[in-house]
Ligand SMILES: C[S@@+](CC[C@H](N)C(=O)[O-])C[C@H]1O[C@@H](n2cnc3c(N)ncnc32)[C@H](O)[C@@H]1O
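Before any questions on how it binds or moves, here is one chain, the form predicted alone, in structure tokens.
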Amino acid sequence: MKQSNDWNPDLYLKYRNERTQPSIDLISKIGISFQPKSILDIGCGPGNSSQALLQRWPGAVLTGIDNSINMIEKAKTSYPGNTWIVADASKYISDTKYDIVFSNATIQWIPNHKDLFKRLFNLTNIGGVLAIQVPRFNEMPLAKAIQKVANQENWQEATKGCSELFTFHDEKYYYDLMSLDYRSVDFWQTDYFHILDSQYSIIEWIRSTGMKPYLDCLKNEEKPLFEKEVLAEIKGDYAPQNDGKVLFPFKRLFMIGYK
């Protein structure tokens, strides 16, 4: 498997509103009675979710970390008033503890969640909050289609190991992790129905995230063919509506722990 290329913030932000909405929903459910002084946004990407945090708590000092240089540079350019750091969340150490530790659609890229949650707990102030959203991407027909295509003889050697870059667990696993350390926890799941222009829009959406590791392993001339085969696989699962639009269901798990 080839070394992954860096993330493309402009491609990621093509569906900015849809990607930001889960952050807004998670933020709205954080039930604290004080004004947080410090916020850590793990996997901040280009800063779109970070700004949603600051819209609710404008007086907080926000630090965003991401392992993508491109994403951090985009965040610095777009929102120069915050602190942006290139860092691996699985190894991030800080002398500062935060009133809110927040992560939107990131931890599925990080292995060993037991250790990760201990690290996040240690980064959170007493009385503070850990708030996480994780996509249930592995349960979606799209994810299964990508893996089915990747397992085909003409792709399996190049894409070997790509599926291992993701870490997914169910709500029972996360509840057991969080209930040990937090005085109270809150869990819920939301099914979003994103209205897209076409079936190909699904490929555009996932090209910058869930399909990225697979595309990174392929030669430039191979990528359109891989995408074409995935598109053929998903057409039955995401049929166009009467007006030609396509409903793209996206299930996401939310969790909040109060320390």
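Source: prediction; values computed, not measured. We number the residues from 1 along the sequence you see.
There is another form of this protein, the form predicted together with the ligand, and it is not shown here; the text below is about that form.
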Checklist entry - Though the ligand is not shown, can you say which of 109, 182, 79, 174 has a heavy atom within 4.5 Å of it in the model of the complex? => result 109
Next on the checklist: Please tell me which of 63, 199, 51, 67 lies within 4.5 Å of the ligand in the model of the complex, judged by heavy atoms.
Outcome noted: 67
Next on the checklist: the ligand is absent from this chain, but in the model of the complex, do 147, 230 and 247 each have a non-hydrogen atom within 4.5 Å of it?
Outcome noted: no
Next on the checklist: Even though the partner isn't displayed, in the model of the complex is residue 44 close enough to the ligand, meaning a heavy atom within 4.5 Å?
Outcome noted: yes
Checklist entry - Looking in the model of the complex, any heavy atom of residue 89 within 4.5 Å of the ligand? => result yes
Item to check | Any non-hydrogen atom of residue 162 within 4.5 angstroms of the ligand in the model of the complex | outcome: no
Checklist entry - Is residue 71 close enough to touch the ligand in the model of the complex, meaning at least one heavy atom pair within 4.5 Å? => result yes
Checklist entry - Can you pick the stretch from 150-158, 184-192, 99-107, 118-126 whose heavy atoms fall within 4.5 Å of the ligand in the model of the complex? => result 99-107
Next on the checklist: Residue by residue through 18-38, which ones have a non-hydrogen atom no more than 4.5 angstroms from the ligand in the model of the complex?
Outcome noted: 19, 23
